[in-house]
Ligand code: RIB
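What follows is a single chain, given as structure tokens, in the form predicted on its own.
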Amino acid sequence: MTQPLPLILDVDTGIDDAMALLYAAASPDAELVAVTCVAGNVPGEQVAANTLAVLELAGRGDVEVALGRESPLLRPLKTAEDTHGPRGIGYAVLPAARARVSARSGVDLIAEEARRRPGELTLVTLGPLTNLAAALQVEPRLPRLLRRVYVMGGAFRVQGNTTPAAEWNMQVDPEAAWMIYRAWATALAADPTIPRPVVLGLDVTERSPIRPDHVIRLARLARLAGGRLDDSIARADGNEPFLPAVPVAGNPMVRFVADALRFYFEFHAKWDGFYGAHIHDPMVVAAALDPALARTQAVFVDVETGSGPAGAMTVADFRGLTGKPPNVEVATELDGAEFLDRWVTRVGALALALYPPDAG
């Protein structure tokens, strides 16, 4: 049997980060070594509180959670409560976790664990790249020490979701992204065998939105095991808004998913014209665990750090016009249907295992 892949997740827990944490906790092919937190969707302390609470809900309160940078490298912090809710987890409410934030900083944790397990760890960044950029300053050998880096961020052949040019994670801290891609370019020039970071941008993460019917499938798993379910959570076509007062299932994890995603669905209905959501972050975790899910192209990527209309744009040289060697693997395709099926199946199985129905 293949050994689980050792992962460090770097998050700014928001709604889709929470779905990624659940997926990692539910995946037998993942060894969740630690989670580092960076300010982004919400301020850093709230990110850490959300992360601890979601991990406890998922039965992984044992995982070390470390708070890293609470502001971008050079810019004031921008947050996205309009997208993720005032606490970052939509309409969901979770009790405070029993575990506490690590005494280590998230930046030091990345550097120290990479030194401790050279060539073993895959780092998956799901928020602004501030922690990784700061960790590179602590340990410049990270491109050689990490097994691989997976990044959620950027928009390459599509428009951004924050400005016409920029994706959210890039826009929060473009200097951090610039630093990382330059660092890998330098490391690859010295040693071409170093694995390039794999970057999943909006080109692939916005192609396969999650819909109410996926949440209903998750809830029905609870019913099959004896849990309570009210199918009036959505209309028969699966596309109408959730009814907020109706309990989805007598399962805390299913309840959390439904309450968090309902906020996300309403946001996308307002701004993107469909009742569903782009859950970017768990797609990246899934691709890290199973690279066959995504097809990539090796290209040179740079990031615009200016303040004009192209600010924070990820510039990919798909035609090789610059003559610079590739420093990034950009995802061009992703099997979204397979990912969504795995997400529902794995998270549903974990929900049933952790919260079996009452005998009554």
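The structure displayed is predicted, hence computed values, not measured ones. Each residue number is its position in the shown sequence, starting from 1.
Just so you know, the form predicted together with the ligand exists too; it's not on screen, but the next bit is about it.
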Margin query: Each of D12, M152 and E167 within 4.5 Å of the ligand in the predicted bound form, by any heavy atom, yes or no?
Written below: yes
How about D173 - does it come within 4.5 Å of the ligand in the predicted bound form, if we only consider non-hydrogen atoms?
no
Legend entry - is_contact(A258, the ligand) in the predicted bound form, heavy atom dist at most 4.5 Å: no
Can you check whether L202 is within 4.5 Å of the ligand in the predicted bound form, heavy atom basis? yes
Any non-hydrogen atom of T79 within 4.5 angstroms of the ligand in the predicted bound form:
no
Per contact check vs the ligand in the predicted bound form (non-hydrogen atom within 4.5 angstroms), the hit among 276-284, 174-182, 209-217, 131-139 is 276-284
Answer key: of V254, V107, L126, A92, within 4.5 Å of the ligand in the predicted bound form (heavy atoms) is L126
Taking the ligand in the predicted bound form and a 4.5 Å non-hydrogen atom cutoff, the residues of 75-100 making contact are H84
